[in-house]
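Starting off, we have a lone chain in the form predicted alone, written out as structure tokens.
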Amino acid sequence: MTRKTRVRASTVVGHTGAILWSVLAIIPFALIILLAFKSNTDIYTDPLGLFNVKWHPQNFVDAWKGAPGGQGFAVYLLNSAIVTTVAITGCLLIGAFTAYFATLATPRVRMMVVRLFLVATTLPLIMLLIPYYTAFNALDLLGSPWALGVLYIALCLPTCVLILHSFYLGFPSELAEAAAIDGLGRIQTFVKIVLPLSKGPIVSVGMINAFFVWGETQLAIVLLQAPGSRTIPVGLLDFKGQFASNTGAIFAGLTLATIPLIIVYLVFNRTITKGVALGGVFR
């Protein structure tokens, strides 16, 4: 087998794998959209059917209005936006600062910081539910999207620090030295030089954590008990009762909830891809 043939074969295998992976990623979204247009009966009797099906676009109207006794989708959307904005803004500011200055520390201190955040990624979320609930209850913060956003900062920090730390390890030291010659301190160098050049990895980390925060339910369902404070995933659970459920409205709500994420991803697609490539190798 010639070298040209081997390269062509590897290219075909790579493209085939990419296509299969894309199909596997698209299938769940396609099913959600399909089921969002079906009635409860068709969802359970013929979930994959495309013909002889009575389409039910009323699901989207029901999802937007909200379940009886709950709030409308617009309220849940606003709460999700508040939680995500607070969490991602705080996470990126603290995480970028921590990751950069960890690279300036001694190798021993740097490794301690990295290992600390690596351990934090292994903690199961279910183990933190009772302590968080106790703290929120004692501080009278149950039902506060703002407080939940602050909590998510701590949960998103490990991912943020580890990826950005990898990027900053390869950051050109000549730029920092030139800034020092110009009279800039370390913090000024970080703000004026490092941050603007870290746009790609920062946007990538922000999107990764935003996907987690936007869809997180386990903590939100415990800490956001008031109907007016619920995020989208928790609010959609109002459609599922003890004796009956509006499954079509749930899938319609999930479809609506996905639209903002798709828009943001399409806007920052190039930046995200570049950022993951720059910050994806841990050293």
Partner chain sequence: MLAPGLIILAVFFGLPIIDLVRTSFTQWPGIGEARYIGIDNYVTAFTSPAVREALFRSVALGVGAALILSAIATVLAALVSGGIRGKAFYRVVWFLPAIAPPSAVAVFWALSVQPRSGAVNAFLGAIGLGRTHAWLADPSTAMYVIIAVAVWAGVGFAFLVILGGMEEVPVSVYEAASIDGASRIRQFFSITLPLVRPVLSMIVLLEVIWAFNGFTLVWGMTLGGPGNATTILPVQVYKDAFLFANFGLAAAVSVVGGLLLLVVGLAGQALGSRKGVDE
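Residue numbers count along the first chain shown, from 1. Only the largest set of C-alpha atoms that superpose within 1.5 Å between the two forms is called the rigid core. What you see is a predicted model; the values in this text were computed from it and never measured.
Heads up, the form predicted in complex with its partner chain isn't pictured, but that's what we're talking about next.
- Interface residue remark: residue 168 is not counted as part of the site for its partner chain in the model of the complex, having no heavy atom within 4.5 Å.
- Proximity of residue 44 to its partner chain in the model of the complex: non-hydrogen atoms within 4.5 Å are present.
- Using a 4.5 Å cutoff between non-hydrogen atoms, residue 53 does not count as a contact of its partner chain in the model of the complex.
- Not displayed here, its partner chain is approached by residue 109 to within 4.5 Å at the level of heavy atoms in the model of the complex.
- Just one listed stretch, out of 110-118, 196-204, 171-179, 68-76, contacts its partner chain in the model of the complex at the 4.5 Å heavy atom level, and that stretch is 110-118.
- Annotation: in the model of the complex, residues 14, 130 and 133 each come within 4.5 Å of its partner chain through at least one heavy atom.
- Along 229-256, a non-hydrogen atom within 4.5 Å of its partner chain in the model of the complex is carried by 233, 236, 237, 240, 247, 250, 251, 254, in order along the sequence.
- Residue 246 is among the residues whose C-alpha shifts by 2 Å or more between this form and the one not shown once the rigid core is aligned.
- After superposition on the rigid core, the Cα of residue 230 moves by less than 2 Å between this form and the one not shown.
- The rigid-core alignment places the CA of residue 35 2 Å or more apart between this form and the one not shown.
- In contrast to the form presented, in the model of the complex the C-alpha positions of residue 210 and residue 28 spread farther apart by 3 Å or more.
- One change in the model of the complex concerns residue 244 and residue 73, whose Cα atoms lie at least 3 Å closer than in this form.
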